[in-house]
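Shown next as structure tokens: one chain only, the form predicted on its own.
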Amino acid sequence: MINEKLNQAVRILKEKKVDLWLNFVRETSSSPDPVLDLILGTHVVWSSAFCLTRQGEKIALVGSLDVQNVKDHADYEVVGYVDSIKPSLLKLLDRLNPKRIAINYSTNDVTADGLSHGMYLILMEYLKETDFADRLESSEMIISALRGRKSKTEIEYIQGAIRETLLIFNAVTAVVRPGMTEFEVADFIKNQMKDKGLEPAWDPDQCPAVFTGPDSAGAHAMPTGRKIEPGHIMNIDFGVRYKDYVSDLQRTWYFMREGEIAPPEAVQRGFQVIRDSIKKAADCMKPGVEGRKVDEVARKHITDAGYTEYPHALGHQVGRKAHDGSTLLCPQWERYGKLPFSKVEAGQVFTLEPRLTVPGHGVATIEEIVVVNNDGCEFLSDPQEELYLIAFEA
């Protein structure tokens, strides 16, 4: 997978007309650059430079003790040093004489902002008597494309994570009952993961996140001792890691009250509005569409139905991490910077996750995962079409 992404990176450099992509790092187990998961797959200790050119050269300048480890993990021409990386780096730059040099900083994309300030200062000190310091630019567009454009193998791994997640959701439906606490539901899911040899897709304190009823803690909170009661909506935000790729899905259950043969109209309507907003957003997703336009479709459908707009983006990319890549399906809010204007590309994998509150019952939300193709998008997850109903038991 690493070599597959390295070759893809070279193609992206040619496309963007960038001569050299310079990844400058050190002690990566303590201060990792997010992109190393894609182009290296291991850690280094000493100052290192992983250099890719649009001519196809892949050169790693690393400390002598890191040489064999790098050779074992990725297809680089590895050059070791003992005293200082500076002579090797300047020699390489003189030989390549790149006009455009991309380094890992970004004000928009956290996954493209891996160059620490200290390493930047060291790099500038190395380059101060050369012309190369004036040729530096952000690698954001390179990393965005590399992380976003999923290969066939990457999509297969994401599908594997989705499949395992949906099987666990099915297991939840078979056992969950009123009287159980959010903690107990989460523990059941964690035991399912343990039995299957799976890991959570993000922080295990919040994966799974379980919310029941009208007074739940809200998104990105830990499960609590709150008990499920008849009349509650319960939703779960959960994903697993499968072959180093993850899922991120949400599903919604309703617990029937005594005498109910169907959910209350308010609960059913809220769920349907969410379900339909996802379908409408998916229908407008295709390469070249700005992320804000996709968000706008779902957001408008929900507010036109009389609900308050959701306080977050409609969706994010998924890959090696649950939040993976810079293109975002989000509104034009200051906190998102330039991301609302980023454009959807073929090969990107996104969540679609609007939500709304049903007063007196809880939060209705669904989170699906789609992949963008040349003509539109297709669902990688089996969409939740109906509420999961749990019958009343006396």
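Note that residue numbering follows the sequence shown and begins at 1. Predicted model only: the values in this text are computed from it and were never measured.
The next section is about a form of this same protein that is not shown, the form predicted in complex with another copy of the chain.
- The stretch from 86-94, 103-111, 272-280, 165-173 that comes within 4.5 Å of another copy of the chain in the predicted complex, counting heavy atoms only, is 103-111.
- Looking at P34, you'd find a heavy atom of it within 4.5 angstroms of another copy of the chain in the predicted complex.
- Under a 4.5 angstroms non-hydrogen atom cutoff, another copy of the chain in the predicted complex lacks V267 among its neighbouring residues.
- Taking the partner from elsewhere, E27 is found to have a heavy atom lying within 4.5 Å of another copy of the chain in the predicted complex.
- For L121, a non-hydrogen atom is located within 4.5 Å of another copy of the chain in the predicted complex, even though that partner is not displayed.
- Contact annotation: of the candidates K194, K128, H117, K152, the single residue with a non-hydrogen atom within 4.5 angstroms of another copy of the chain in the predicted complex is H117.
- Proximity to another copy of the chain in the predicted complex, defined as a heavy atom within 4.5 Å, holds among R251, R292, K321, H301 only for K321.
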